[in-house]
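Here you'll find one protein chain in two forms, each presented separately as structure tokens under the names structure 1 and structure 2.
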Structure 1
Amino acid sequence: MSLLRTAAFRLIQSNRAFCPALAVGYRHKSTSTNLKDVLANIIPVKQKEVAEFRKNFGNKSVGEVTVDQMYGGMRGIKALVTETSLLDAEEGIAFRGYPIPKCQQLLPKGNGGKGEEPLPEGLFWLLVTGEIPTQAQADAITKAWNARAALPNHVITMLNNFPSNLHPMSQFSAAITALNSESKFAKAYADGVKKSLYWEYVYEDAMDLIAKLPTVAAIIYRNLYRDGTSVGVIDPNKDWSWNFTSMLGFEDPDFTEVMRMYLTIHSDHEGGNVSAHATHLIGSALSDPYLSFAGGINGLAGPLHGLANQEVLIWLTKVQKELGNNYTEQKLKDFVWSTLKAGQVVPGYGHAVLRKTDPRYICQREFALKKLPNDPMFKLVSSLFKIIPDILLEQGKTKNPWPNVDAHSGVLLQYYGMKEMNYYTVLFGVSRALGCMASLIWDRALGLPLERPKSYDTPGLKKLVGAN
């Protein structure tokens, strides 16, 4: 085993053991099961904290911006405040200070607490409040979302009339945009609501939007890949993920566990990624949450962002088709090199911030090791994990040769029978709503203004740095 491969497996081990939430400490404070009430108590405290912080440190510099950063996708520029999660290049994502293994341990589970994976409802509570919810608090979110799930007729009609060659992400984005007929924020704004109350209406829209997304997504799936039959009705006694998998037409309880995990881990990745940043930017114009999130979804549909999960499965299928299941390490290496030499990226590898194997990859790998260790596609993914980082390092361009979240998700989905790769990014989108909406509520609660950075043309920039 090469040094690099040994390092890759050490990283898996260290990711398992990593637990910065120990430093954060377990936080559960509020007892009310009404999220809006809990939030109404937290917001003034946070507003005061931010006001004092800005008063005392508002003119402190947090770093310089170089010309290369301006041409280079703004990598590393510290320019956004996002309360819900923080991404560390080495340690990966922490949701309100809790890394994924800690969330899996502490958040309420499905099946009345007897399930294996956390409820996304609990994660949403954590993202919004910073507190680990009790089972009763997570269950209250389930109840609220089940009660808000119905779609207006015009959206159902629109979805049923889309041509089958329209990509699922385009359908998803269009339906979210059209759902803004329901926006309570847009109505309140038109009625002249005061700024200090914006967050309350954004909260209502956020809850409605998240509640409706599984039904929208399930209609798209059934129209495109099943016989277009009705998705059925929401079971008020079941959780968000259970209802989603059921509406999609899947019955295996393990698939529901995959869905709970999937919807939890894809939810948020701090504020600078394309989907979160786009939602935040559009929301800063006081476009309502539906319009804002539709913008985020359009960004998620790009192959360098969320569409990579589709691209990974397409690429893996090509590998399988060309090499079969009796491939050798050398043949796999040759295939990866042929992808790179054709000027393409290896999908599922690399990251703009991470410099280590993505903990979201590790968490899905651990699930696969437990539930599908002998699946040929999982074995292929594992074999590639051993060789791709070495190759990317040898090529010498990629700053992060390790796998990201998208390198693994499709493998789990195909194992349970969801083989329609073009659909995978829609699932990512349903999950990403949790983070984007939690952040949008806080954007309005903190009164963040219209976002409008300064841009330059090249002559102006040359003048600015004295290059003429």
Structure 2
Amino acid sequence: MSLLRTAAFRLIQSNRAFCPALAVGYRHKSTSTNLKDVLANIIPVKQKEVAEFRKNFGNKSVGEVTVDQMYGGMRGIKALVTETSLLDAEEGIAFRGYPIPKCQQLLPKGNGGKGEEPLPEGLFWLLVTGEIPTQAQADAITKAWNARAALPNHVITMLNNFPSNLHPMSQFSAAITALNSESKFAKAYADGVKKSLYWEYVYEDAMDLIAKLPTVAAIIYRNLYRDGTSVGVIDPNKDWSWNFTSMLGFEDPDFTEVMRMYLTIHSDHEGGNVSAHATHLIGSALSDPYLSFAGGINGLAGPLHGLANQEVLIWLTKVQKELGNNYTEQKLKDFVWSTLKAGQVVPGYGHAVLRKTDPRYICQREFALKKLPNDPMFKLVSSLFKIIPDILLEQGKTKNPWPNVDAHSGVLLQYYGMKEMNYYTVLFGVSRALGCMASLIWDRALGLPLERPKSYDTPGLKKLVGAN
């Protein structure tokens, strides 16, 4: 086993133990099942904390910006506040201080706690409050979302009249934009609501938006790939993910578990990624949550963001078509090298921040090892996991040769029968609403202002740094 492979498995073990927040036990305080009431108690404490911090340390510098960073996509510039998650280069994403393995262990499960994967409802509670919810609190979110899921007729009509050649993400974005007819925040703002109460109306919109997204997404799927058959109605006895898979037309309980995992691990990735940052930026103009998230979805649709898992699957299909299922390790290596020598990247490997195997990849791999260990596509992904990091390291053009979340997710969806790759980013979008909406609630609770960074043209920048 190579040193790189050894490091990967060590990461799996270290992720199981890593969690500074758990040094004194996991954070669960509130007993109320009303998320808004819990949040109303938490916000004043956080507002005071931030105000005191800014008063005492507001003039402190947290880093310097280089010319390369300004031209290079602002990579690494410390310039945003996102309370919901933090991406550590070595440990991966942590939701309110909890890495993914701990979230899988501690968050409430589906089927009244008898399921295998955490409920996205529980993760949303954690993202909003910083507290691990009880089963009753997660179930209360399920009940609230089920009650808010109905779509206005004009959105249903619009979805049903889209042409079949309009990309699923374009349909998704348009429907989210049109849903702003329901915005409680927009109405309250027009009526002159006090700034201190903005968060309450953003909260209401966030809950409504998240509740409605599975129905929107399911209508798009049925119209494009299931001859326009009905999505049915929300079942009050099913959780958010379960209703979603049922509306899509999938009844395998294991696929529902996949969806719970998928919607949880894709929910948030701190604030600098395109979809989260775009939502935050648009929201800073006091656009309502629907308009803000629609902008984030348009960013998510890009090949360098949410579309990546589709590109991974296309590449894997090419590998399988050319080499078949009886490939040798050497033939796999030759195929990877031919991809790189053709000036292409190996999709699903590398990350802008991470310098280790993505924990989101690991949890999907562990699910596959339990549920589909003999699936040919999963075996291919596992075989590539053994060789690609060493090849990329030998090539020397990437700082992180490890797989990211996109290297695995499409394989699970394909196995359970969702083979329509154009649709995968819509699933990502449904998930990303959890993080974006939780952050937007806190943006307004903390009174974060209109975002307007200073920019320079090249002559002005040369003058600033003393270049001739």
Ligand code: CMX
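Between two forms, the rigid core is the largest collection of C-alphas that superpose within 1.5 Å. Small disclaimer: the values here were computed from a predicted structure and weren't measured. Along the sequence of structure 1, residues get numbers from 1 upward.
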item: Displayed copy of the chain that is the form predicted in complex with the ligand; value: 1
item: Exceeds or equals 2 Å, Cα of residue 199 between structure 1 and structure 2, core fit; value: no
item: Per-residue C-alpha change between structure 1 and structure 2, residue 335, threshold 2 Å, rigid core fit; value: yes
